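Given next, in structure tokens, is a single chain: the form predicted alone.
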Amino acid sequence: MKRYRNGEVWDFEHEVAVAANRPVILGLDGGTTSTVCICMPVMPSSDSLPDPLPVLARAIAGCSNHNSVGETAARETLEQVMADALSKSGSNRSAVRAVCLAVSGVNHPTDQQRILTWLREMFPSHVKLYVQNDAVAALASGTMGKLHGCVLIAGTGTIAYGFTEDGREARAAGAGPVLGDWGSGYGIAAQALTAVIRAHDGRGPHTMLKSAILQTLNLSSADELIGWTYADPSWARIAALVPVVVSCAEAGDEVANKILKEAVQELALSVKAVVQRLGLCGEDGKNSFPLVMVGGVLEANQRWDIGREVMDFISKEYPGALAIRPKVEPAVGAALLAWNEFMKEYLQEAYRR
């Protein structure tokens, strides 16, 4: 294990009294907005998981998507949040048996290898390391560690990701705002901002969004909105305007309603693409499969309920889709994935002995 360039974050290891004989697992969910790390004990192999799950510590930090903040900032965020979780749990890196890092921006084997290299520099050689897209942890949070079915994430960004029981996988969307994450929080809010400028110019219809967004941002004119947008065009900052769009739609604004209806269609199309490619619905389209729904856009719980509209849209074509709202957060799903993989390898090694 090398002394990592940001190694001072591990100074607590010289001071903390580590609980004897308590191996732990780390699960990380790294989204576009924040990164969460969960530290759990290694549980004995069992057909059923304890309820509630034993969580030793939880830590949170900023964005760890290297496409959004750059490699250096992403790497430092990941190291900091893992160090915080271990410190809070009274553990250190020697106690870690497995780490599952599920982070947005992992779209290719080269992304996985880059992050595995970072992790290998941080942890002793005995630690099992797994790197996945953040959608995989979200799916596992709904299926309690089992990779089967489809997950739809719609928060700041959006992606649909699916697995079959024999290990095949497929994804749709998740390519970022430049390539069209329509249906995401960023996509909804960006369309709303565009609608405001179009209305201001006279190129588009009048919309309640103009006064509502200007009031929310404490701006006096649409001209100022241009400066506000490009002063810091971060995805999460833009996506934070989604509640304003929903409120205007609920108040009857046609432009806002059109934006949300198009978002519903885009999200449903992402799910359909994954389901069709993997055949999750069976030949007759009626087989049951879990559809895990995750993300702030899908959890509005307002009269204009985007998640409910998406599910209604999907159910018309796939009546076997079983909507699941996870009871645990994606970081716990990542920890369960790490635990499952670690126990699988542990039992295989024990059998070979």
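For clarity, a rigid core is taken as the largest C-alpha set superposing within 1.5 Å between two forms. Just so it is clear, the structure is predicted and the values come from calculations on it, not from any experiment. Note that residue numbering follows the sequence shown and begins at 1.
We do not show the form predicted together with a further copy of the same chain, though everything after this point is about it.
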Inset, instruction - Quick one: from Ala73, Ile197, Ala251, Leu116, grab the residue that has a heavy atom within 4.5 Å of a further copy of the same chain in the predicted complex. - result: Ile197
Legend entry - in the predicted complex, the one of Tyr130, Phe123, Trp182, Phe163 near a further copy of the same chain [non-hydrogen atom within 4.5 angstroms]: Trp182
Legend entry - Stretch from 242 to 250, 211 to 219, 84 to 92, 189 to 197 whose residues place a heavy atom within 4.5 Å of a further copy of the same chain in the predicted complex: 189 to 197
Legend entry - Contact flag, Ser104 vs a further copy of the same chain in the predicted complex, heavy atom cut 4.5 Å: no
Inset, instruction - Please run the contact check for Glu79 against a further copy of the same chain in the predicted complex: heavy atoms, 4.5 angstroms, yes or no? - result: no
Inset, instruction - Please check if Arg237 has a heavy atom lying within 4.5 Å of any heavy atom of a further copy of the same chain in the predicted complex. - result: no
Inset, instruction - Report whether the minimum heavy atom distance between Ala173 and a further copy of the same chain in the predicted complex is within 4.5 Å. - result: yes
Legend entry - Stretch 223 to 246: residues contacting a further copy of the same chain in the predicted complex, 4.5 Å heavy atom cut-off: Asp223, Glu224, Leu225, Ile226, Thr229, Tyr230, Trp235, Ile238
Inset, instruction - Determine, after fitting the two forms on their core, whether Ser288 shows a C-alpha shift of 2 Å or more between the shown form and the other one. - result: no
Inset, instruction - Take the rigid core as the frame of reference and indicate whether the C-alpha of Ser315 shifts by 2 Å or more between the shown form and the other one. - result: no
